[in-house]
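Listed next as structure tokens is one chain, alone, in the form predicted on its own.
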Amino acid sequence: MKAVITILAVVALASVPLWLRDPYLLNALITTGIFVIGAMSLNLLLGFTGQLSLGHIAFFGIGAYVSALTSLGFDVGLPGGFRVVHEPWPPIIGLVFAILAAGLCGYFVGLLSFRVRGAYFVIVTISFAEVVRLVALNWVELTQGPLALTNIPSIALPLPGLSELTLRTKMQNYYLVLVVALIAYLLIARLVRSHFGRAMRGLMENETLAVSVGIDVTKTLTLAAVISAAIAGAAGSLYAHYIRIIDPEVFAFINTVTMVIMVISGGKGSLAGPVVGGLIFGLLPVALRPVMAPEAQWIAYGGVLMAILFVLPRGIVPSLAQRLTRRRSGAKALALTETGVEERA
């Protein structure tokens, strides 16, 4: 049943550019899809290991800058009179480098920070994001600082036997984001259903018991951080090549908060939760903008979030799934009772 729903959802999303002709709404769907990928990566940590990272946007921004600089090229000086010169490479290589660089940063952050838990881990991740933001802001020779990196080339896909396909139109970028989101979804689904996924859940539910059966806490959490960061880096790369301009504001704390809201409202620990929450809170500002002032939009945004969490405290997807299961169980029990009464009669 879940597989059928997933297939129908993918088909419905794939059909959107065929009937949606408004470029503004299509642009909103593309940017929302990119942040949904980021939310899925955050859910791997928050939903399946119980570790709240409030610096997750750092990996998103690292992916964006690495991919942009790989495709633009750079010439920077280093201490000692050395210079590093990099000629522009194809953007698709930038996407690969973004995934590797973000994953590597996730490894070092995880290795250092998973020795602490709770509020200490949150502080470490926030500090890391702020350090990366300050580097992007002040290393003007490399990142252009507040002036931003501009004219970032669009991603081009090599076609065997032909030239390459440059993804310039909104429809092309929509399908690119949809494919990457689907790959990330399937990868996370495969992970959480594996032995590694069971180890993550074990650490979240009872760390002492998990350690007693031989689960390596630091190794498991660090690997989860690497995969999570790599997926976030891919999302950042897509963002940079779609928007084609990137500045230190990409590291803004509000972007991490947006991802957390997407995960919590949709249902942390569920595969579809970040997708559902991401679509709602990614498109809600678009729906409110024509009818409300900016201040009222934020009030309505918060009101919708509180209403969802009040009515569906576990998030949209887990709460609805739980209610559906209860109804089915009740219907089966009623059917068995009626059958027993008829037999006695």
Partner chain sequence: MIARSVAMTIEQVAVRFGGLVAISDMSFTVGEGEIVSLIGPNGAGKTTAFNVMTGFLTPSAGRVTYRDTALNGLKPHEIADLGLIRTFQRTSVFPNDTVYDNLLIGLHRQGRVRLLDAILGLPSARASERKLRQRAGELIEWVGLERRAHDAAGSLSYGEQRLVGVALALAAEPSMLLLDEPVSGMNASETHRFVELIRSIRDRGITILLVEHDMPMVMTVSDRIVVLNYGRIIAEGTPELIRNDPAVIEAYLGHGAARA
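Note that the structure is predicted; figures quoted are calculated from it, not measured. Residue numbers count along the first chain shown, from 1.
One more form of this protein, predicted together with the partner chain, exists but is not displayed; see below.
- In the predicted complex, the partner chain sits within 4.5 Å of a heavy atom of residue 211.
- Although the partner is absent here, residue 198 sits close enough that one of its heavy atoms falls within 4.5 Å of the partner chain in the predicted complex.
- Using a 4.5 angstroms limit between non-hydrogen atoms, residue 145 is distant from the partner chain in the predicted complex.
- Under a 4.5 angstroms non-hydrogen atom cutoff, the partner chain in the predicted complex lacks residue 166 among its neighbouring residues.
- Here the marked residues 190, 206 and 227 all reach the partner chain in the predicted complex, each with a heavy atom within 4.5 angstroms.
- Only one of 215, 135, 156, 171 comes within 4.5 Å of the partner chain in the predicted complex through a heavy atom, and that residue is 215.
- When the partner chain is considered in the predicted complex, only one residue from 90, 248, 269, 202 comes within 4.5 Å through any heavy atom, namely 202.
- Shown alone, this chain has one stretch from 238-246, 103-111, 77-85, 182-190 that lies within 4.5 Å of the partner chain in the predicted complex by heavy atoms: 182-190.
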